Each structure stands twice: as C-alpha cells, then as structure tokens.
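Below sits a lone chain in structure tokens, taken as the form predicted alone.
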C-alpha cells in the first residue's frame, strides 16, 4: 500500500510502498478515505526522540476492511473515524476496537468523510479545554487563536454551553470568527489585545483558552482574568505555580490524558455536529501525494480551520 513515511530523523516524509498492516484480534483494518492534518503530526516528525520509521498522521475516516477475530463493535464495510497510532496518511491503517488513546466511532450517514477526519484530535482537545475551564451559561471566555482547528471548535462548544466568547485572530479572519459564533472580535494585527480586552472587560473575564502564546507571552493573560479565573494552554506554556500565586487556576491540557479522549468524546462531537450545533471548517483538501506540503502549511501557522488529506 501507499503511505507517507518518515524513515530518518530530519526528513519531511515521502510517499512510499509499504506492507499493508494486519489487524490483531482486537483491532480493525481501515481503508482510509480521508485523514486530518494536525500540528501534532509535524511536531512528532520534528522531535528528536521519535522512533523511526513511522507513518505520518493520526486522524482518519474510512471503511472497515477487516475486523480482528475478537472485535464485536465494528464490522466489514462500516464507516468509522478516529485516531490511530499506526498512522493515517496511508491507504490503510489499523486501530484498536476500544482504546483510551486511540478512540474510534462509527460515522453517521449525515456526516461526510472529510468532516469526520477533521474532527478527532482538534475536536476532542477543544472539548477537553472547555470542560477544564468549566464554561457554562453566563461565562465569558477569551480564545486566543479562535479561527484555528482547536480554537474554532472551542468557540462553538463554548457558545453551545451558553458562554460569551471573545475571539482573537488576525483581522482578515473577522468574518470567519463571527460565522462560528464569536461575540466579540479582537484583531491581534491591528490592536493591542491586552488593552482591547481590558477596556471592554475592566472586571476581567472568567476564562482564557490560549492556543498560541509561549511561556513568557501567556503571562500577560493574568491581567485579563478576574480573581479566581481559569486559564488553559494546549502547548504547555503555563507555569502553574506562577499563575496560582496570582489567584488563577491555570493548567496545561494534554488531550491524551483527559476523559474526553474516548469513544464517548467522539460521540459527543458527533451529536453536536448532527444537531447543527457544531460545524467543521475545512480550509482545504490535499491529495495523499501532497501530504508533506499540507504539513508545511500547518506548520506555517496560516491555516484557518482544518486541512484534510484525501486518499484515492
């Protein structure tokens, strides 16, 4: 089968012929139709401690081609989506029937393959962040990076739970931010974010989801939060003790360590999608042969919404 493989440290990856994997007793073999692009894909490729070779990608949507002898939940021909440690930028992937770190779920007829492939990692991360921040009716949430993959889902989930959302993104993304439910928009390339939010919310906001700022820059969020407010980073920027000294409950969310990384979490996202309370913003679709180019796009930080790899 064809797959995008990284064989040595420092390589970007290349389309190669490799053996089709065989499912174990508790695994399913999936013919991949679409694969989602996430920052974790190029981060995994670029970090020094990765074991080589490996297939790029982790989010997939496709058809069950074969089920292991002890699999009971899925059957040949069913549409499924989820996360696979084997890799998703390939014609086939394997995934366990039931695993906390590699959740899988069936795709309803009303949901397309591209939308399903774009949903798992970013959607579950957004869901975990909104849970950690305890967003509910009347909450005011500031999302830094509101039009990216995780940010776009987080905005919509927060709004669905009754929160008021302030979205930070570049000025050209104002219409996109408003289309997904941002109540207030701050353009980081045209105004000082801290000053703008402080002026509009002098008593502070309830919560901040910062998907962008590093360990130094994220400290500026402290002055925007009310006493007892909450802050979450998905890129491990938070110095928990530093924020605690200022009365802020801050944390670094690693989605693989959360309860939301599960079959139930995927089902929650699907329910929102089917009811029209969540939509997937597809930034573009790329062929499997262009997967490395798609990763470069993702790494540039210029992608709004989700890129999807289509597998013919």
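Model, not experiment: these values are computed from the prediction. Residue numbers count along the first chain shown, from 1.
There is another form of the same protein, the form predicted in complex with a small molecule; it is not shown, and what comes next is about it.
> Out of 72-80, 155-163, 211-219, 99-107, where are the residues with a heavy atom within 4.5 Å of the small molecule in the predicted bound form?
Replying inline: Looking at the partner contacts, the answer comes out as 211-219.
> Which of 280, 250, 255, 269 has a heavy atom within 4.5 Å of the small molecule in the predicted bound form?
Replying inline: Of the listed residues, the single hit is 255.
> Even though the small molecule is not shown here, does residue 198 get within 4.5 Å of it in the predicted bound form, heavy atoms only?
Replying inline: Although the small molecule is absent here, residue 198 would stay clear of it in the predicted bound form, with no heavy atoms inside 4.5 Å.
> Is there any non-hydrogen atom of residue 140 lying within 4.5 Å of the small molecule in the predicted bound form?
Replying inline: No, residue 140 sits far enough from the small molecule in the predicted bound form that none of its heavy atoms falls within 4.5 Å.
> With a 4.5 Å heavy atom cut-off, would you call residue 242 a contact of the small molecule in the predicted bound form?
Replying inline: The answer is no: residue 242 has no heavy atom within 4.5 Å of the small molecule.
> Applying a 4.5 Å heavy atom distance criterion, does residue 68 contact the small molecule in the predicted bound form?
Replying inline: Output for residue 68 is no: heavy atoms all beyond 4.5 Å of the small molecule.
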